[in-house]
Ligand code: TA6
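Only one chain comes next, encoded as structure tokens, the form predicted alone.
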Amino acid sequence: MTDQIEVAELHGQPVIKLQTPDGAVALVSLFGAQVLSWTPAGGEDRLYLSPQAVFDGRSAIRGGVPVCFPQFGDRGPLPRHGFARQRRWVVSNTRAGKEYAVATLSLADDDETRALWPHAFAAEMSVAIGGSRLDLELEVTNTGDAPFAFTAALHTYLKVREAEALRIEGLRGLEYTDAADGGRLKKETGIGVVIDDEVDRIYHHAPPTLLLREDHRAMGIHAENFPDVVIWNPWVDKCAAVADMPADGFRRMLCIEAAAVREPVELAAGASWWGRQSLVAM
């Protein structure tokens, strides 16, 4: 480790702390390879981490950027959102320069994962910060001798000042699956998506770049090789039923998730896939 990359603790759990000379900082949990905090240079934390999140080394952590793999949601036989977010990853590489810091964490199959999902794999999660930018990349390799398929997402919780006062631009005209309305397929007609009720949508064939606008700031959200984008806010009733979120937590968060959901990724033996999400604070 270097003075820009060090091992630290958050609520008793080990994290990697990335920092750059210009003041950007991120915390990445070894449990789940989950980014828990990201403060761009000269700014404030732009990721939502629930004040009631559980840090026991077993439970999924509510907030930050959970890694959903090899299953998104309940679209399959595995535990919700797969097992990667509840596994201990190892730090496989770190590097830093004058304008950046990067950490890569790795996960491979073992007896416990194969009992749930009988495939050999290697996964890497790379986290890079610098200036006003956070870059996240998930790479999956089929290390076995038979093909497999999976769904995945970077379940990004953004911290917002007021959910009802924001607007998401770039989704007009897209088809989406509305999980809050029985999974019906709909078409987005609004110039900007606003949050004034429960929103649980998977937009298909998403454009590479979206813009999240708030009253006095914005966030550019860029994705590569993820064909879907998930927009989620639980709103009043569902948030109140979530044990690890405060009752008013829905007002301070919005999930915009780079995802591969509708069409599972199919990997031949020895093949690799990657997907990336970048956030740029404005």
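For every residue, the number given is its place in the sequence shown, counted from 1. Model, not experiment: these values are computed from the prediction.
Although it is not shown, the form predicted together with the ligand is what the next lines describe.
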**Study point:** Candidate stretches 43-51, 23-31, 212-220, 227-235, one within 4.5 Å of the ligand in the model of the complex by heavy atom
**Key:** 227-235
Exercise for review: Give a yes or no for R80: in the model of the complex, does one of its heavy atoms lie within 4.5 Å of a heavy atom belonging to the ligand?
Suggested key: yes
**Study point:** Exercise: D200 in contact with the ligand in the model of the complex, heavy atom 4.5 Å
**Key:** yes
Check your understanding: Does R251 reach the ligand in the model of the complex, with heavy atoms at most 4.5 Å apart?
Key -> no
Check your understanding: How about Y157: is it within 4.5 Å of the ligand in the model of the complex, going by heavy atoms?
Key -> yes
**Study point:** Residues in 246-265 close to the ligand in the model of the complex, defined by a heavy atom within 4.5 Å, in order
**Key:** E257
